[in-house]
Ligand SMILES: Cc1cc2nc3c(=O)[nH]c(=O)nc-3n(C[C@H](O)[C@H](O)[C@H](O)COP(=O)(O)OP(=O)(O)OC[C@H]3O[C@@H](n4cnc5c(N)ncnc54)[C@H](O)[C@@H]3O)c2cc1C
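A single chain comes next, written as structure tokens; it is the form predicted alone.
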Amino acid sequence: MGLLSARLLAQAGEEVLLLERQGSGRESSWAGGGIVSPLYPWRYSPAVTALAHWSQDFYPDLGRQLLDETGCDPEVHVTGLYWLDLDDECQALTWAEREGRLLRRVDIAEVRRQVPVLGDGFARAIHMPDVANVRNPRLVKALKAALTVMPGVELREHCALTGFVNRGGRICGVQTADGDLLAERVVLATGAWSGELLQQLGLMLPVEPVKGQMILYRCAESFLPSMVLAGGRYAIPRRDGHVLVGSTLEYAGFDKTPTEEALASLKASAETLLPALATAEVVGHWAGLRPGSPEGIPFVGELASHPGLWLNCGHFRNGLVLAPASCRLLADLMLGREPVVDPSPYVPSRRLAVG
């Protein structure tokens, strides 16, 4: 959110100082799976759907732009996605017809022809052929590389925000260990830490850390041709053959420690979906913190109670897929342009409480 917001504002001619408490994009942006779709898009509100649809259509161009500018390919990889044995399959198909999205019921025999490594025991499937995944660590590398050569942009890593500069009721900067940094406007795009930071202003933002653990397998390039999802767990193929399996959903505060229990659970899910993974090498196991929020609806806009302070946070499980639209909406609002989507569902002040 921070990298892409900075890029869009700088492209409009704004001077931007981007602060990162560690390395850029190394939190949930780095840890997630990279599916360019909500896991179950029909289960979300129109507010999430509006951002997701705009972003999904934008991602191919974003990938090409970043590759041209930086030489780093985010790998926007269109593989399609099979959902298996859904309880709400009819709801999914009704949603797709209403929203004009290509989603159809397919015979399980067709799925097995397309995905020969699929495990036994699955009876039903629906398929969306145009769903992509992005190699999110490469996406954030490309965004960082693009920002470093843009005029009017400064990136300061390992510079943590410790507080806000409040003058006459207006937020006009932030406090850091290196001193106060002043600005006309401040954008808070701090993911799972956003609620904690706003407590300093007496505001109760319902954003909390939600831990997710993932594992990565090394496989042949042709092993898995499509994403598959069953029982809340998914497998995502990368272009080089790596297969990512996730994820857990844990309310454990800010603890990001990977656990053996989660590893065993993820392996069991992986081997149910794709039995051949039982003999594949696990090359990674990690955890990240999602910015959990009510209904997964992000907070985008200026805080009426604290002019000068803008939010772009609280995207829960859909930060990657919502980012282009969310950041474009933020830039539109900050620059006084016609917003790309109706901003009213994301207005922060309507959903905050004063502590």
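All values reported here derive from a predicted model rather than from experimental measurement. Numbers for residues come from their place in the sequence shown, where the first is 1.
What follows is about the form predicted in complex with the named molecule, which we do not show.
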Does any part of S247 reach within 4.5 Å of the named molecule in the model of the complex? Heavy atoms only, please. yes
Examine G195 and determine whether its closest non-hydrogen atom to the named molecule in the model of the complex is within 4.5 angstroms. no
Check M1 for me: does it contact the named molecule in the model of the complex (non-hydrogen atoms, 4.5 angstroms)? yes
Looking at the partner-bound form in the model of the complex, is P209 within 4.5 Å of the named molecule by any heavy atom? no
Look at the candidate spot formed by L9, G301 and L329 and say whether the named molecule comes within 4.5 Å of a heavy atom in all three of them in the model of the complex. no
Among 43-51, 63-71, 303-311, 29-37, the stretch whose residues bring a heavy atom within 4.5 Å of the named molecule in the model of the complex is 29-37
Select from the listed residues C219, V186, A189, A146 the one whose heavy atoms reach within 4.5 Å of the named molecule in the model of the complex. A189
Which residue, V16, V340, L19, L333, is the contact with the named molecule in the model of the complex, using a 4.5 Å heavy atom cutoff? L19
Sequence-ordered list of residues in 277-313 near the named molecule in the model of the complex, where near means a heavy atom within 4.5 Å: G288, L289, R290, P291
